[in-house]
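What follows is a single chain, given as structure tokens, in the form predicted on its own.
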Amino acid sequence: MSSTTKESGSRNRTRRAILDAAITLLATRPQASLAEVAEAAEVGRSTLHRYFPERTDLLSAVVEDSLAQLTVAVTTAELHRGTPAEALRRITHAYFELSPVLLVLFGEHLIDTRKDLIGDLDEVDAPVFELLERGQREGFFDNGVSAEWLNRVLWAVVYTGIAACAEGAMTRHAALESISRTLERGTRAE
């Protein structure tokens, strides 16, 4: 293995550690300093500044990384497979597993720091819209509201469950069950 490859692997691991620490920390403390992120990532402040010279650089990278994780989660949920009920449960679980990512992106509207990525978020959401529209065609979801509304409800209910866990008001299991029951019963066609 060449020294360039070793360095590249080490740089990737360090960058990943910084991003993971930033996401975890910013999910609960949106105003956390770069020094706090460096400490959480177990790197020196100078190391963090080599990767992300300014806070805005770090926040921008967090948004990009979060959207990439969201894309993988939506793809992995295979929303085209099975019944709308099964696919809905898979996507709610996938979203819930990304709790820190979603708290960071939407809790403080971090996505607003990168308005150029808003279109990317719409692209990530496209398979979810297809699921909701398919569910409406198949009579599972309520046709009396738009797929846009159903998607907003999905995000709101998932975010509420994540926030309840973060606040210690619910266990992960109870929150996931409450999210699923609310969505499966509240969005159903009559």
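Quick note: we count residues from 1 along the sequence shown, nothing fancier. Bear in mind the structure is a predicted one, so any value in this text is a computation, not a measurement.
The form predicted in complex with the DNA is left out here; the points below concern that form.
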Is the gap between F140 and the DNA in the predicted complex 4.5 Å or less for some heavy atom pair? no
So, T160 and the DNA: in the predicted complex, are they within 4.5 Å at any heavy atom pair? no
Taking the DNA as it sits in the predicted complex, is T14 in contact with it (heavy atom to heavy atom, 4.5 Å or less)? yes
Considering non-hydrogen atoms and a 4.5 Å limit, does the DNA approach E42 in the predicted complex? yes
Okay, which stretch from 49 to 57, 142 to 150, 123 to 131, 63 to 71 lines the DNA in the predicted complex, with non-hydrogen atoms inside 4.5 Å? 49 to 57
Pull the contact list for 124 to 138: residues with a heavy atom within 4.5 Å of the DNA in the predicted complex, in sequence order. none
